[in-house]
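You are given structure tokens for the same protein chain in two forms, set apart as structure 1 and structure 2.
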Structure 1
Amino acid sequence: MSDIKESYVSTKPVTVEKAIPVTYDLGHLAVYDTNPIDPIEIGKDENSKNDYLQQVTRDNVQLLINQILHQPLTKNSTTTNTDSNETPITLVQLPDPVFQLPREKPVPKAKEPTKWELFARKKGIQKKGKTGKLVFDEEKQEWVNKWGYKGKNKELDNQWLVEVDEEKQAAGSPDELIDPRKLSRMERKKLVKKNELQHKRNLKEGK
């Protein structure tokens, strides 16, 4: 019984009075106390000074908790790894922070443009977005790549019947008797080589 009585006597009140009202930044869970520290208490022995600072800290934390308990509440449900049942939990909705915290690290410096970027800027070449790399396949009813793996430009490779391009394989032309599928692959390889050569020229001119 004596232990309960001592515990009750040592319990601090939840209401705290300050000569100068404190300010709050609930978004950062912070409270700012501008009341001056008592120089007499600070000048006492180490134990007394620590007890005094602990009391001031306790009062400010109590004020902060009082403000948090006045914020709106929301209920949510969560599950644990061992139990599939949902357990309702209550969350406190904190307001947006008032004070903007400084960055821990300096703002990163802008990267210097590469030679290709300088050349592209000079020539007015704009970078194509991802949408420019896709095309809608009417047969599959989905968006597919224009080039590369399973690209639209390779759809002739797996066709059992291919229409002959009369302009490319006209009578008497060198490509007249070439399989259209093989001709398509050859044209792609030529285009790749042409692009590689053009890229090398651009890099050389950009130096």
Structure 2
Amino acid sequence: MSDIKESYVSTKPVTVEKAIPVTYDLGHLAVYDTNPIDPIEIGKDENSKNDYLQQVTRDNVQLLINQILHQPLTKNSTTTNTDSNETPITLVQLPDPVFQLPREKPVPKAKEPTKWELFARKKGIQKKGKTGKLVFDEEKQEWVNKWGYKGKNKELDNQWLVEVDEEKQAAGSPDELIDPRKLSRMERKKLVKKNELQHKRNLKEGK
């Protein structure tokens, strides 16, 4: 009995005839049908009414599915799978939605360029990114970080023998008896503090 039913269903068509053609909004996976809903059918008893609505909906969903499956496909391999064999899944590319929905928050205003950004733009200075981080150390004959973790700018901190700089630590100046390593560290920290101050200033100006 179920076999006969299956074969009957398999010969049913996938095309649908509509008096007024429907509009598709594939960005929202929606279909808008302007054909009038029969008020007589709606006025009947509950079962007839729901059967009628289900029938109309089925036709519209069929049209929608037909339209969706006609969209261009992209084959993506699921990279989120942890098992070794990646099963390729077919995705359908959807266009932008037609019906516009209201936002929940206003559009963020674009950030004002900071003083440095304006200067860099004027002078044509490009950001270095990670390319300028490694420096070739002649003594060790290998590439080390210029700054950051095990950076070359910190090598003075751990040297066992440091020369006293004549200019900065002259005989009568207040810096005379301070460890030169400590002095270099203090200078580095001063630059960090200056940068944080400038960042705060930028944020204030940005508001």
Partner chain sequence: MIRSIKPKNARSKRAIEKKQPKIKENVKTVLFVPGRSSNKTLHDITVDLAALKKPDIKRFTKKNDILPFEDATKLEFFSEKNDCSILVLSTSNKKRPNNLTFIRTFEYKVYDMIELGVMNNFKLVQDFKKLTFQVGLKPMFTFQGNIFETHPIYIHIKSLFLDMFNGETTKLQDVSGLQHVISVSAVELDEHDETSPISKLPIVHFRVYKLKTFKSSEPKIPRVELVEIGPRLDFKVGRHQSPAPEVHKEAMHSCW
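Throughout, residue numbering runs from 1 along the sequence of structure 1. Being a predicted model, the structure only gives us computed values, none of them experimental. So that the term is clear: the rigid core is the largest set of C-alpha atoms that superpose within 1.5 Å between two forms.
Visitor: Have a look at both and say which one is the form predicted in complex with its partner chain.
Guide: Of the two forms shown, it is structure 2 that corresponds to the form predicted in complex with its partner chain, while structure 1 does not.
Visitor: Could you check, with the core superposed, whether the Cα atom of T23 shifts 2 Å or more between the two structures?
Guide: No, the C-alpha position differs by under 2 Å between the two structures.
Visitor: Fitting the rigid core first, would the Cα of Q71 be found 2 Å or more away between the two structures?
Guide: Shift at Q71: below 2 Å after core fit.
Visitor: Spell out whether the Cα of D45 moves at least 2 Å between the two structures when the two forms are superposed on their rigid core.
Guide: No, its C-alpha moves less than 2 Å.
Visitor: Mind pulling the C-alpha shift for R103 between the two structures, with the rigid core superposed, in Å?
Guide: Its alpha carbon moves by 2.6 Å.
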